[in-house]
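Given as structure tokens, the chain that follows is alone and in the form predicted alone.
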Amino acid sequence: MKIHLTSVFVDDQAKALRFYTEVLGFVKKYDVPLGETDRWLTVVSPEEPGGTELLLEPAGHPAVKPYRDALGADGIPLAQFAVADVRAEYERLSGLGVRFTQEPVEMGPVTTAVFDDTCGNLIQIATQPE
């Protein structure tokens, strides 16, 4: 068994697609219209185009707002992405105007940082131990 798809709720799918592709560097995999306004919109890592997809899911369900508000108020990231070097990625993303809520911090063998994805979520980046 493996993880094939996971999702983040987003306020605006077009804005999310721009951020996740143009800023973070993911690539669009699927963009299928669903109804009048929503889309089945997924991105993947360019390093693993056949790997786990991230669904940029519309945040319209009534449970989403209180859930995200609670996570944000407590500073809890909704998702974590692996990067080769957290400090280098922090510098790159900061240079592109990304707002970090936690600068790089070493926690034993793992280094993490947390940023605001501009779509209603906190996302953590981490360097995993070898």
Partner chain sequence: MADDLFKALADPTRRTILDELAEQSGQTLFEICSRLSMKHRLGISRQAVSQHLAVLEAAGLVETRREGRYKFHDLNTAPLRQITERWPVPDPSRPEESPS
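Predicted model, so just to flag it, every value in this text is computed and none were measured. Residue numbers count along the first chain shown, from 1.
The discussion below concerns the form predicted in complex with the partner chain, not included here.
Contact annotation: residue 76 falls within 4.5 Å of the partner chain in the model of the complex, judged by heavy atom distances. Taking non-hydrogen atoms only, residue 72 approaches the partner chain to within 4.5 angstroms in the model of the complex. Among residues of the shown chain, residue 116 is one whose heavy atoms approach the partner chain to within 4.5 Å in the model of the complex. Taking the partner from the other structure, the partner chain in the model of the complex has a heavy atom within 4.5 Å of a heavy atom of residue 105. Partner contact region in the model of the complex: 63-71, out of 63-71, 22-30, 88-96, 41-49, criterion any non-hydrogen atom within 4.5 Å of the partner chain.
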